[in-house]
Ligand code: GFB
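Here you get one chain, nothing else, as structure tokens; it is the form predicted alone.
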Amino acid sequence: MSSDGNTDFWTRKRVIVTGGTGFLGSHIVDSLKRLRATVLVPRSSEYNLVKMDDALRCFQGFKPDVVIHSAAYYGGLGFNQLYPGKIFYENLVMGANVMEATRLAGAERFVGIGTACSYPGYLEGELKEQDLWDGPPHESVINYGLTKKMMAIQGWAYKKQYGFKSIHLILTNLYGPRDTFHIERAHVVSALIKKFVDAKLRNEPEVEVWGTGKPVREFLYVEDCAEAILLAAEHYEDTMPLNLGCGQGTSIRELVELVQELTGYQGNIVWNTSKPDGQLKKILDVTRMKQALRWTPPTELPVGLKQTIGWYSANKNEADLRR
């Protein structure tokens, strides 16, 4: 067993990773290559997976053993407010096409990458997999969260009718090198890192942060997440979705103060309390993950943040433009 998974399992496996040039997908691809898998990353210029003909052409040509569907059209709350219809349509149709193309190509298994924003919007605290079906996602992300829920249902239906092997993994908030730092699409960790690094470079006297800092969230280092995904692809076969996270909560205030410390920014933090906090506490219950994978994430938050800040500082010009 390597840090990424079982070398014997992945050696010579033919694997398609959709979204394989993106934040999470690129780390999955790196791990697979270390394990000597043969990897295909469909490029949108050649294969538009929202079109079924393109998906079939790609999958039947490559004949994958495993498909990991990490591609998604998404962004932060602002991005979601700008493009709600496109986010819904592209994720729904792409997910359905990719799973159907996987089945028709005769692949051994399909790994669907879901999101914690699929959980019911009214729930707070530690979210268990069985809670997923207790209500709709929060209205701010319902158009994205429901598309991932439908992918989980598609996997259940395909197993019932076709004996198709698929799993659905629910990810918590990710961060790490190659994250999206563009202002339209950045999530909380990358957005904060950008704010503090920029403020330090410009000698700005203060950094404004939205809310009170009281909400508690969970953050998983992207390389740990890639490792967990490959372990789940090997060892998990239940149609019940599986949470992937660290199970450890960090308040936004703690996160902000940690990013300030690690970036070396000496100015003041201004909390704009006129902006909403959102749900007070939202972390994943990872009991089933630990049992199924016999694994816990190895990277502590300060270590992962330091590595992410170092990567962003070294790649700032490119990272600020990448969407």
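Everything numeric in this text was worked out from a predicted model, so none of it was measured. The first residue of the shown sequence is 1; numbering continues from there.
The next section is about a form of this same protein that is not shown, the form predicted together with the ligand.
Using a 4.5 Å cutoff between non-hydrogen atoms, Trp210 counts as a contact of the ligand in the predicted complex.
By the criterion of a heavy atom within 4.5 Å, Glu257 is excluded from the residues contacting the ligand in the predicted complex.
At the 4.5 Å threshold, heavy atoms of Glu261 stay clear of the ligand in the predicted complex, well away from it. A residue is said to contact a partner when one of its heavy atoms sits within 4.5 Å of a partner heavy atom; Asn80 meets this definition for the ligand in the predicted complex. Contact annotation: of the candidates Gly61, Pro298, Pro276, Gly267, the single residue with a non-hydrogen atom within 4.5 angstroms of the ligand in the predicted complex is Pro276. Site annotation in the predicted complex: the residue of Arg109, Lys195, Arg178, Lys149 reaching within 4.5 Å of the ligand with a heavy atom is Lys195. The stretch in contact with the ligand in the predicted complex, judged by heavy atoms within 4.5 Å, is 115-123, chosen from 231-239, 115-123, 153-161, 97-105. Applying a 4.5 Å heavy atom cutoff to the ligand in the predicted complex picks out Asn173, Ala186, His187, Val188, Ala191, Leu192, Lys195 from 173-198, in order along the sequence.
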